[in-house]
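This document starts with one chain, in the form predicted on its own, laid out as structure tokens.
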Amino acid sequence: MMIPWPVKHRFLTPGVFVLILIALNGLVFLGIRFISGIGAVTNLNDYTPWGLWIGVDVGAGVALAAGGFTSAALGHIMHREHYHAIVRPALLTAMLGYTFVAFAVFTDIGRFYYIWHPLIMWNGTSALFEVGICVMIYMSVLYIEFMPIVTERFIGRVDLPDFISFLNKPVDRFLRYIDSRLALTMFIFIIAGVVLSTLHQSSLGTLMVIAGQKMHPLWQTPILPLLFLLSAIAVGFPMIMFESLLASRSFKIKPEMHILSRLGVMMSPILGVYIAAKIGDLFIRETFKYIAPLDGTAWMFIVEMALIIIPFFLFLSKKITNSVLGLFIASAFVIAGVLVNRINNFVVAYRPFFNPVEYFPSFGEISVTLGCIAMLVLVYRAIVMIFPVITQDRKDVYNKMIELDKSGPRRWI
């Protein structure tokens, strides 16, 4: 029987030590950024107002967290019960992803201590305001959606230390109350999460439409909001597959291929819609001529399209969709394609002023981005080892608990 259960595995491994070193390196540069200012760490200037942190940490981060709303739409709104096993890991990935995005915005703003202004200084005509408000509300919704997993973990298992053990029963009653209230209202948050996601995913495209001729013609198009939404939908399932296969390998758990293969079969039609919209827009606007010079910008566009077109054909193969390695590679292509798309839109194509110095992210910028990603992975690993997120076979869970308990006394709950 398959059940969601905390993963029983060693937390510290050689790979985890590497992630810790990367995270510590990023924290050092984060400290410099907040103490000495954004100019002390980045290569940003008056000519280049944003760079890697907006293109990757925010633009790509929002897109790659799309697995949360695509899985919620599939599992809950469309009532495809077969896919419920992927909803919790996707929810956790989205929750951590949006937390990472919010922190990236906080880091990138020059006066970071004013990040709360949009909460009280509303501007209904601003696309950026709509993105900010939707992201903040959706991130709150994700944490609320995660609450039943927390209550499930601790209801009936509250065991506080002796000096506060008298709180065991009150805390348990409180958790049961929260769980019962959430059970009655969760459908509201699920629907709200899907709606909010479609709003801010597309509004990021609107933000770049407003840039007008400051953007390169290969990417500047009136349908940019639609393309941003379609690309986010297209990367949702690949991100779920990629994360699931990585977690399975890391924790030595059998991958749920019976679910992931079905997701893989859906991918070619979804990618096909996005590719058709992208190429059709090029011909309607007659901007394909900008590819002909084969300069650096044109090559970035070619790489972006190749990374999306290749998995379109890969997902058509049953051999690929039924293979762990095949699904992993095809999913990685889609993720890389959307990542390059956001870098292209926010960094490569966006040239607001004549910059006498070509922008390239500094070592500090790269370190902060990699450090935040490493911290995100470490937190994900810790959460799935504490809370019932990943679905596992009940017999495998029991055997692993017995095996680990042989190393010494251990309290699992």
Partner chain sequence: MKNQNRRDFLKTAAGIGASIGIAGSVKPAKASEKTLSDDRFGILVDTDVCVGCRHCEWACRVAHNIPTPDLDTYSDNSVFKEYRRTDASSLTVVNEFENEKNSAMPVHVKTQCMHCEHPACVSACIVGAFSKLEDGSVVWDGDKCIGCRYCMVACPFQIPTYDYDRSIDPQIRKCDLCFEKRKTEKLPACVNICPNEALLFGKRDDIVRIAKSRIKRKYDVYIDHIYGEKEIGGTSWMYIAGKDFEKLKLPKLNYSPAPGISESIQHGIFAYFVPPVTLYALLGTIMWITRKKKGDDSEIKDETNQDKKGGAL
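In this text, rigid core is short for the largest set of C-alphas that superpose within 1.5 Å between two forms. Everything numeric here is computed off the predicted structure, so don't read it as measured data. Positions refer to the first chain, counted from 1.
Here the subject shifts to the form predicted together with the partner chain, a form of this protein not shown in this document.
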In the model of the complex, do G296, L325 and R381 all reach within 4.5 Å of the partner chain through at least one heavy atom apiece?
-> no
Just one of 330-338, 93-101, 107-115, 297-305 has heavy atoms within 4.5 Å of the partner chain in the model of the complex; which?
-> 107-115
In the model of the complex, the residue from L282, M266, L128, I144 with a non-hydrogen atom within 4.5 Å of the partner chain is L128
The partner chain: the contacting residue among S317, T198, N168, S250 in the model of the complex [heavy atom, 4.5 Å] = T198
Considering only heavy atoms, tell me if F353 and the partner chain come within 4.5 Å of each other in the model of the complex.
-> yes
Tell me, yes or no, whether A292 is in contact with the partner chain in the model of the complex, where a contact means a heavy atom of each within 4.5 Å.
-> no
Does the partner chain get within 4.5 angstroms of any non-hydrogen atom of M139 in the model of the complex?
-> no
Are any of the heavy atoms in L160 no more than 4.5 Å from a heavy atom of the partner chain in the model of the complex?
-> no
Contacts from 252-271 to the partner chain in the model of the complex (any heavy atom within 4.5 Å), listed N to C, are H258, R262
CA of F360, rigid core aligned, shift of 2 Å or more between the shown form and the other one = no
